[in-house]
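Take a look at this single chain, the form predicted alone, given in structure tokens.
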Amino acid sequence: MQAGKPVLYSYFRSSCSWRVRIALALKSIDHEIVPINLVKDGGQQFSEEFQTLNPMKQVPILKIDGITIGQSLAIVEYLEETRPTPRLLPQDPKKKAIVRMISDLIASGIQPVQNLSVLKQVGQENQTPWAQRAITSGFNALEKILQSTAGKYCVGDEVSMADVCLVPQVANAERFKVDLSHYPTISRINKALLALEAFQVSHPCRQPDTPAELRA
């Protein structure tokens, strides 16, 4: 690996990893990706080597500037503070609070409830309905919030950390066959974001570890 280049430990389908990939792309930060397969061999995140990087046994992990950071929003906040262009958090404190609120709603209130580790506990036959309920409950709230905060994107007309969180969660919703016709604001914003290069190059179908049958 090239000395000094940031290294992202990622899994192509991980929505948390995708958030960080989007942020790195938006900020044009050159980096290397080390794939961590969350399914193969019982999950490579459980290896002793990876646990030295992250005792929580989760992706993403970003090694950058001599430190190792876990948790996607902590990574995005660090990138924002050290590489603030383009901004993913508005300077206005009120707008910044709204961006963080939406980001946390998704990252803490929706995604963990339908994450792989949780789905393993509910049984194979219950996974899809469980995930659908979790995402639908969260999207019912998110749609109402976005109706008052959105412009072109989640908060006004500038891409923010909230958008970085939204697109991967919509992909999860599609994967679990959630009816998105009930969420016109979410769907409109998602479509606009997917037209941007940073969201395309970071997409799960274009990663080093994307299986051939899922590549696009």
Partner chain sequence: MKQVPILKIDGITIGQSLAIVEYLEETRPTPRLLPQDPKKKAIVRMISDLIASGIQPVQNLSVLKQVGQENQTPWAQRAITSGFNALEKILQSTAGKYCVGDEVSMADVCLVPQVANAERFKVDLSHYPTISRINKALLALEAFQVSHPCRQPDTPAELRA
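Please read all numbers here as calculations on a predicted model, not as lab measurements. Numbering follows the first chain given and starts at 1.
The form predicted together with the partner chain exists for this protein as well; it is not shown, and the discussion that follows is about that form.
When contacts are defined as a non-hydrogen atom within 4.5 Å, all of Asp65, Gly70 and Tyr78 contact the partner chain in the model of the complex. Contact between Pro86 and the partner chain in the model of the complex is not found at the 4.5 Å heavy atom cutoff. Taking the partner from elsewhere, Glu143 is found to have every heavy atom lying beyond 4.5 Å of the partner chain in the model of the complex. Using a 4.5 angstroms threshold between heavy atoms, Leu116 stays clear of the partner chain in the model of the complex. Among heavy atoms of Gln121, some come within 4.5 Å of the partner chain in the model of the complex. Residues of just one listed stretch (150-158, 52-60, 178-186, 25-33) have heavy atoms within 4.5 Å of the partner chain in the model of the complex: 52-60. Using a 4.5 Å cut-off on any heavy atom, the residues of 99-117 that reach the partner chain in the model of the complex are, in sequence order, Arg100, Met101, Asp104, Leu105, Ala107, Ser108, Gly109, Pro112, Val113.
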